[in-house]
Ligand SMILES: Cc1cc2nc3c(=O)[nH]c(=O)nc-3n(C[C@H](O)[C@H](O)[C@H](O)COP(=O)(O)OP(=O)(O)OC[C@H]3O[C@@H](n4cnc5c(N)ncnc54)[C@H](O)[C@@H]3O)c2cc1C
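Next up is one chain by itself, shown in structure tokens, the form predicted on its own.
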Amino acid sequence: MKNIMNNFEYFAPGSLEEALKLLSQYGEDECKIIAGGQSLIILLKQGLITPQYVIDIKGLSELDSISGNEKEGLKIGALTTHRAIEKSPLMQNAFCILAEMEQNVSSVETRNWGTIGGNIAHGDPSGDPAPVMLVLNAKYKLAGAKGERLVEAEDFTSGYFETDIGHDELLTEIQIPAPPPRTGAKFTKFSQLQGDYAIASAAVSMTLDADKKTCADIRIAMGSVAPAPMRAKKAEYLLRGKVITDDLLVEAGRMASEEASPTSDAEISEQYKRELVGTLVTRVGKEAFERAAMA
């Protein structure tokens, strides 16, 4: 069976304003946005979507940038490539979790072309960036004909490939606040092949009190074990305000596994995914704690 795309009209706007104007002219089912195209091209070839119009925003250099620092936080343009984030000098110390996450996103070839905004806007629950954005308390800037708005990363994805982006809006920027002192963060995923989609993933950001033993605040996120990336809030509650121990982290992992809602597939059972994500939460929780104690 051959993969053949349906015909569509192609636009390559020269500015964000022009792209938004084009978006406002067409309905959601008529028009699709392409940036790196790693996800969209597959859907087009499989005939899962058949848009009449495709708007290519890859050339909008105004959306390709990284700025900020550890005191002010980061601003990352939606068209910034995975590779640019991985190699940016700004992804050191407080934001090293971003570079570490990017190192295992698909292949180098894909990272050189695929964009962070395209990955997030796709809304795939097994994507790597989303859990990291949850623990970093990120916000997404959306632009449309009626203006701009900010959406919390936690509120952005509501289900499988379902996001808060309106049909006439574009994701233009990711905003990440500066972390508090004595904060450490870590992300990991388990996949069958290096760089493949996650069977389960976990991210933890932990802030310690001045004693560097007590958890002042914590954010735990899981990917690929629910219809959307999710916080493990019961596990967070267990750890917040407590002196961190290995036993407590194991219990937090167990609670996180209970909060997850994975589904079985042809290769992996729901129970295996639960146990796996619990183990990952315990592991990265310990690493985040160690980083926070050294910060």
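All values derive from a computational prediction rather than experimental measurement. Sequential numbering from 1, following the sequence displayed.
Only in words, not in the display: the form predicted together with the named molecule, which the text now covers.
Only one of Leu238, Ala260, Leu249, Ile33 lies close to the named molecule in the predicted complex, with a heavy atom inside 4.5 Å, and it is Ile33.
Note on contacts: among His122, Lys212, Lys75, Arg149, the single residue with a heavy atom within 4.5 Å of the named molecule in the predicted complex is His122. At the 4.5 Å threshold, heavy atoms of Leu170 reach the named molecule in the predicted complex. In the predicted complex, Thr115 approaches the named molecule with a heavy atom inside 4.5 Å. The named molecule is not drawn, but in the predicted complex it has a heavy atom within 4.5 Å of Ile42.
In the predicted complex, Asp196 approaches the named molecule with a heavy atom inside 4.5 Å. Look at 217-225, 204-212, 84-92, 170-178: in the predicted complex, residues with non-hydrogen atoms within 4.5 angstroms of the named molecule sit in 170-178.
Highlighted residues Thr188, Gly253 and Lys286: none comes within 4.5 Å of the named molecule in the predicted complex, counting any heavy atom.
Interface residues of 128-149, taken as those with a heavy atom within 4.5 Å of the named molecule in the predicted complex (partner not displayed): Asp128, Pro129, in sequence order.
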